[in-house]
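To begin, one chain is listed below as structure tokens, in the form predicted on its own.
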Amino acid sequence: MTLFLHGYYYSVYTRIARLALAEKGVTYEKVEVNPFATDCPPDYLELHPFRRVPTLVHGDFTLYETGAITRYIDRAFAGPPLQPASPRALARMDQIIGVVDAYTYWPLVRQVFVHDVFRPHTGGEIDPVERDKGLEEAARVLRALDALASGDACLCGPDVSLADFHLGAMVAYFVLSPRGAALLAEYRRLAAWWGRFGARPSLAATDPGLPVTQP
């Protein structure tokens, strides 16, 4: 049964799903969808009525929302478990994912990465005020996540979990900014975690790079 992952190449949430698939060793086909495009395919809106990415299609089963997708991947396919067995570690994983989704994405990605890396690379308009607001809020977020991190090899213990993918996909963009990398280095547990997680083969395999600037 063929597995399809519909997503935008540069989306951190698409990358989170791809990280889960890579860690489980699951073969799938990628279907590129740009939810920001004015001509987003109507058939995609039948799969995802809210015009976001990613969406997973597994036979006659369609699933959207990244958290649901990654948990399905973990439950439906063989390979190393991506969720802790301990109730407390599992609760910590859920908490970190909640913090990442609610408070981390906007400052790390939409403010710092976009205005310090993406738009300069593509020739877009840069807003230093917005970038600096992102750095200020990122400090608060990273401080909270540093306190929640286990101090072990991974965020929730010795083994990789879905929490690592959620935060890792965003930090991978954030540290492309020299300001972001310097700020992360101030938080001992997170910096040590990133030193390990940033070297995982799955992260390299799902790296979208930066878009090529059109002449």
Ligand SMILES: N[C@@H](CCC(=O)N[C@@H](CS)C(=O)NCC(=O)O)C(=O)O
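Residue numbers here begin at 1 and follow the sequence given. Predicted model only: the values in this text are computed from it and were never measured.
The form predicted together with the ligand exists for this protein as well; it is not shown, and the discussion that follows is about that form.
Proximity of Lys30 to the ligand in the predicted bound form: non-hydrogen atoms within 4.5 Å are absent; the residue sits far from the partner. Using a 4.5 Å cutoff between non-hydrogen atoms, Arg179 does not count as a contact of the ligand in the predicted bound form.
Of the heavy atoms in Arg51, some are within 4.5 Å of the ligand in the predicted bound form. For Arg110, a non-hydrogen atom is located within 4.5 Å of the ligand in the predicted bound form, even though that partner is not displayed. The stretch among 143-151, 157-165, 34-42, 184-192 whose residues place heavy atoms within 4.5 Å of the ligand in the predicted bound form is 34-42. Contact annotation for 3-33: residues with any non-hydrogen atom within 4.5 angstroms of the ligand in the predicted bound form are Ser11, Val12, Tyr13, listed in sequence order.
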